[in-house]
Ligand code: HPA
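Just one chain follows, in the form predicted on its own, and it is written as C-alpha cells.
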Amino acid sequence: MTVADLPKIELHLHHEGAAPPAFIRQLAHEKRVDLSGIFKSDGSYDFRDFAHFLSVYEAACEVLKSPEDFRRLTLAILQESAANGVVYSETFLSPDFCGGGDVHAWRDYLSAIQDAADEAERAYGITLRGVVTCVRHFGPDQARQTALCAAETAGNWITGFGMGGNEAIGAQADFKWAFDCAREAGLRLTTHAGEFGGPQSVRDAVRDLGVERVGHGVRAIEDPSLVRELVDREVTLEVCPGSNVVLGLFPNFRAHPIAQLRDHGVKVTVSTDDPPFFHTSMRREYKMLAEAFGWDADDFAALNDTALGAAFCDEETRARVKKRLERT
C-alpha cells in the first residue's frame, strides 16, 4: 500500500468548489445556461488569479438552484472523495448559495444534502459533516443572517461555523457578532486566515473570533511568536498545499511551510480546498507531500490522528471514523 492509498480525513472542503466541472456543465446543459466562459478547452475551470477564481466559483454556482441540484452535487462530491480514500470529510456550506440566506429555504437544501450524505455513507463508507460558512466579501450583515441559519440548524450534522471569501475585505473582528451567535448555539469555529492575509490575519482570527481551527494559516510561519502562540493555544491549521501552490503563495510543494509548521509543533492537517479548480485530490496531496518531505505512512497516520482530534463531530462519530483509519 502506498501513502496515496491510505485512508484519509479532510477538514477543509468547499462544497460548491468541489463540484466536478463535468457535473456543472451537465447542469448548465439541462438548464440551458451558457457557462462556456468559465471553462478551458479541456473542460477544466478557467481562472487567472484568486479574485477571478472567486468570480468563476460564483458563476458555477448559478446553476445550483434547487435542493435537488445540491443532492446530486453532494453525491458526486462524496463519490469522488471516497475514491480518493477519504473516510471522513467536513464540507463548507453557505446558505447564501443554498436558498439565498433564508432559513426556511436553507432547511430544505440542508435536508437534501443530508439525505445524499446518508446515501453516500451507505454506498461508499464515507461520513460527511457540515460547517456553515459565511462569505467575507458579502459583508458582516449578511454574515449575521448566515449565522442565524447555522444556529437554527446546529446539531449532530451541522457541527461548525466558519468564514471564507476574500481576505482583503474587512477585518476578522467585523464578523464577531456572527461568530458569537454560532458559538452560543454550540457550534465549533474556524475561519480562513493567513492565506493572502499575512500573519496578523491569523492572530486576529484566533484572538478576535476565538476559533479553534484556521483555514490555511500558513503565513503564520513568517512570525515565530505567532507560531508559538498557535502551539500554546493548540490551534489546528487546515492546510491545503496544492491550493496554495496553484494560487502562487509558494512556488512548489517543497517550498511549502507545512513541514516547518509541523516541526515547530503546530497542529496541521491536509485538505484540498476546491480540488477540481486546483487540479488536485487527496491522493495527489499525499503523493506530493511524500515526495517533497519524505513523509511515510506513519507521518500521514499522525496527520490523520491530528485531524480526527480536530474534527467537528461527536464522540460516537469520532470512534467510528477511528476504526476506518486503522491500518492493516
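From 1 onward, residues are counted along the sequence shown. In this text the structure is predicted, and so the values were computed from the model without any measurement.
The same protein has a further form, the form predicted together with the ligand, not shown here; the description that follows concerns it.
Contact annotation: residue 53 falls within 4.5 Å of the ligand in the model of the complex, judged by heavy atom distances.
Of the heavy atoms in residue 273, some are within 4.5 Å of the ligand in the model of the complex. In the model of the complex, the ligand sits within 4.5 Å of a heavy atom belonging to residue 57. Although the partner is absent here, residue 213 lies well away from the ligand in the model of the complex, with no heavy atom inside 4.5 Å. Just one of 165, 199, 101, 130 comes within 4.5 Å of the ligand in the model of the complex, counting any heavy atom, and that one is 165. Screening 220-228, 74-82, 189-197, 151-159 for residues having heavy atoms within 4.5 Å of the ligand in the model of the complex returns a single hit, 189-197.
Applying a 4.5 Å heavy atom cutoff to the ligand in the model of the complex picks out 14 as the lone residue from 1-31.
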